[in-house]
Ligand SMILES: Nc1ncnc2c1ncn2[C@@H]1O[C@H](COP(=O)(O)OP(=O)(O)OP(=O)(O)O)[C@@H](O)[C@H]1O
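In structure tokens, one chain follows: the form predicted on its own.
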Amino acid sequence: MKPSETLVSNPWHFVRPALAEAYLQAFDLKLSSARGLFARRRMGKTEFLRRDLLPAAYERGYLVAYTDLWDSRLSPDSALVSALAESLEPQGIKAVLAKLGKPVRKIKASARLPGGVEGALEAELAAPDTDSGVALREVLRQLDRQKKALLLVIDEAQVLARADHGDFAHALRASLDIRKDRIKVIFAGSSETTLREMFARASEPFYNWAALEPFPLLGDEFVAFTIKLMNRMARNGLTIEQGQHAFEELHRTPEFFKRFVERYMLYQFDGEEAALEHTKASVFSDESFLWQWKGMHAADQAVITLLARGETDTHGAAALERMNALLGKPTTKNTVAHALRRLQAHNAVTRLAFGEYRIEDEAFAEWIRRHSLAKR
């Protein structure tokens, strides 16, 4: 099945063929078989991988496999093996299931279920009596028989760094190591900190296995494309400058910008500023942020508040004084250090360099800024 056949056509998608081609050409050079990409959530990474990179790879002659491990955090092994199996022809899937003693007829009958055959296949592979190591070896054995190379895209790959998935991650690394000429891998994720640890720590299964780099973000060309398309449908069009203003106000987040465009299209006579204010109130006031906030230690709340306000030196005397004011009690550098470790462990904050940190989700950062202002 072509990767494009699993996606509904979307005229609002900003295609990036040159970027997709660049990644595939890098693999063609055979200097590396994997690369890691990171970008915060809602920045267009997944849309590019699924709508640009995978179709381009398919047209180039690759078998393609994609899985988003965030949706399968408890069982990434079954999700990944299922994605690999789905890249095979039907007879290959049957061979994998037969090896595992799984009922092929049950899979066929499950096509009416949510997720169709793919969902049923993953459910079978996730069954308690399924050995994920055996399943992985068998599906790779079937892939070894294919004439085509495979591009495997693992989205939210930082899930593999969890300690309880260590055995499977080691098995996956070993299996991919001996197939570098036939299987190319993109590790993508939203947690820069965890991805860096995956590839930089000697104790991690994927130590030194892929170069990690930031995913190129959408910018002015994306804004111009979206505004031009919108103006074909809108009774009252917007200028590129108005679109760029909204994009900046929404912290250059493509998903939020699309929400702004949708709001404007539905309520054009209210004007673009009303659409922008409605969008900002919506995306930066999510109830989930309050739940996330309440689940933090008081010291974590204080530290992340300083980061949201643009504080860079969280260990300096001035920062400690502000921490004292926020907590209402004396604070030490150890308090800050422990808070930063907890925030990183929960993927709330990423470390950019020594002493330099950033909140992972810009929407959460904006919510914190608004929340802290409201309390003053």
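No experiment lies behind these values; they were computed from the predicted model shown. Residue indices: 1-based, along the sequence shown.
Omitted here: the form predicted in complex with the ligand. The next part is about that form.
Residue heavy atoms within 4.5 Å of the ligand in the predicted complex occur in exactly one stretch of 56 to 64, 34 to 42, 312 to 320, 338 to 346, and that stretch is 34 to 42. Interface membership of E156, defined by any non-hydrogen atom within 4.5 Å of the ligand in the predicted complex, is confirmed.
Contact between K180 and the ligand in the predicted complex is not found at the 4.5 Å heavy atom cutoff.
None of the heavy atoms of L160 is located within 4.5 Å of the ligand in the predicted complex. In the predicted complex, the ligand sits beyond 4.5 Å of every heavy atom of F199. Of the listed positions (L218, L172, I227, A275), a single one reaches within 4.5 angstroms of the ligand by any non-hydrogen atom in the predicted complex, namely L218.
Of the candidates Q142, S190, S78, T305, S190 is the one whose heavy atoms come within 4.5 Å of the ligand in the predicted complex; the others do not.
Residues of 221 to 257 lying near the ligand in the predicted complex, listed in sequence order, are F222, P254, E255, the criterion being any heavy atom within 4.5 Å.
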